[in-house]
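Single chain ahead, written as structure tokens, the form predicted alone.
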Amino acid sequence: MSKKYNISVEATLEVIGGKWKPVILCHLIHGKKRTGELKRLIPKITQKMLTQQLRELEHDGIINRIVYNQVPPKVEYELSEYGDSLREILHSLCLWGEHHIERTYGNSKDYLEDSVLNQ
């Protein structure tokens, strides 16, 4: 039997929902990233969780995993063409979050990491 959703946002959240996937995708909007770069940009994620989330996003066709044939091995991740269709949604989520921080705490620059502000 095929899967049924009550509302289409369930399908969206099934693919990009959770604590880390939107964060990973927001970083990949700015270009290709290696695993180590993502780990530095998202310091609270464990290596195991980062690897798991990247695999799931790749499996769902949202990101591409690019393996370079060199020593030492080099792997980069980027948004796929399909994943790029999420760009507007992710940008809106980031803007909403920034407004929420300002509304709740005041100046967002006091509550956002410099690496995020400079992208």
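All figures in this text were calculated on a predicted structure; none of them were measured in a lab. From 1 onward, residues are counted along the sequence shown.
Not pictured, yet referred to below: the form predicted together with the DNA.
- When you look in the predicted complex, the only residue of G36, G31, G61, P43 with a non-hydrogen atom within 4.5 Å of the DNA is G36.
- Mapping the unseen interface onto this chain, H91 falls outside it, with no heavy atom inside 4.5 Å of the DNA in the predicted complex.
- When the DNA is considered in the predicted complex, S85 lies well away from it, no heavy atom lying within 4.5 Å.
- In the predicted complex, the DNA lies farther than 4.5 Å from every heavy atom of H27.
- Within 4.5 Å of some heavy atom of the DNA in the predicted complex lies at least one heavy atom of K19.
- Residues M49, T51, Q53, R55, R65 are the ones in 49 to 69 with at least one heavy atom within 4.5 Å of the DNA in the predicted complex, listed in sequence order.
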